[in-house]
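Only one chain comes next, encoded as structure tokens, the form predicted on its own.
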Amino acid sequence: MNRVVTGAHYGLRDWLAQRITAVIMAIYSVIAVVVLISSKSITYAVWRDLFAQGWMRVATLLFAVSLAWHAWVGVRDILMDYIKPDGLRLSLQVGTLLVIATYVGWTIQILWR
């Protein structure tokens, strides 16, 4: 019996990850819009005071990690589906992970600088 493996099939775990991260990002977006609309004008001082609060920094980090995970699952699946040469696919996946990790690290640096 010859089995042909065409890619990883993560199934329910990735489906749930996409939905959960999307919900987290949607909730954060609604909260951010409400907070920003409730202030009369968006100045540097308003922005600084908002991010001086610990809950907003933690919520923003949770958003960034959710966005990173969401992006990784989506890009990884696209690469597995459309890039057939293994070496090229692996290189693109490693590159994608490095870019995503850089963005999350940069977010942490900005939030807790």
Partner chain sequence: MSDAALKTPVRKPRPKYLNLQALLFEIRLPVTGWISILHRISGALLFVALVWLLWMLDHSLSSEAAFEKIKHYAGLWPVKLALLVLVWAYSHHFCAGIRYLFLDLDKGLEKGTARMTSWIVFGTSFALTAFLGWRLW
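Predicted model only: the values in this text are computed from it and were never measured. Positions refer to the first chain, counted from 1.
The protein also exists as the form predicted together with the partner chain; that form is not presented, and the subsequent description refers to it.
Under a 4.5 angstroms non-hydrogen atom cutoff, the partner chain in the model of the complex has Val23 among its neighbouring residues. Within 4.5 Å of any heavy atom of the partner chain in the model of the complex lies no heavy atom of Lys84. Although the partner is absent from this view, Ile100 contacts the partner chain in the model of the complex, with a non-hydrogen atom inside 4.5 angstroms. Put simply, Trp55 is far from the partner chain in the model of the complex: not one heavy atom of it is within 4.5 Å.
Contacts between stretch 53-79 and the partner chain, counted in the model of the complex as any heavy atom lying within 4.5 Å, involve Phe63, Leu67, His70, Ala71, Val75, Asp77, Ile78, listed in sequence order.
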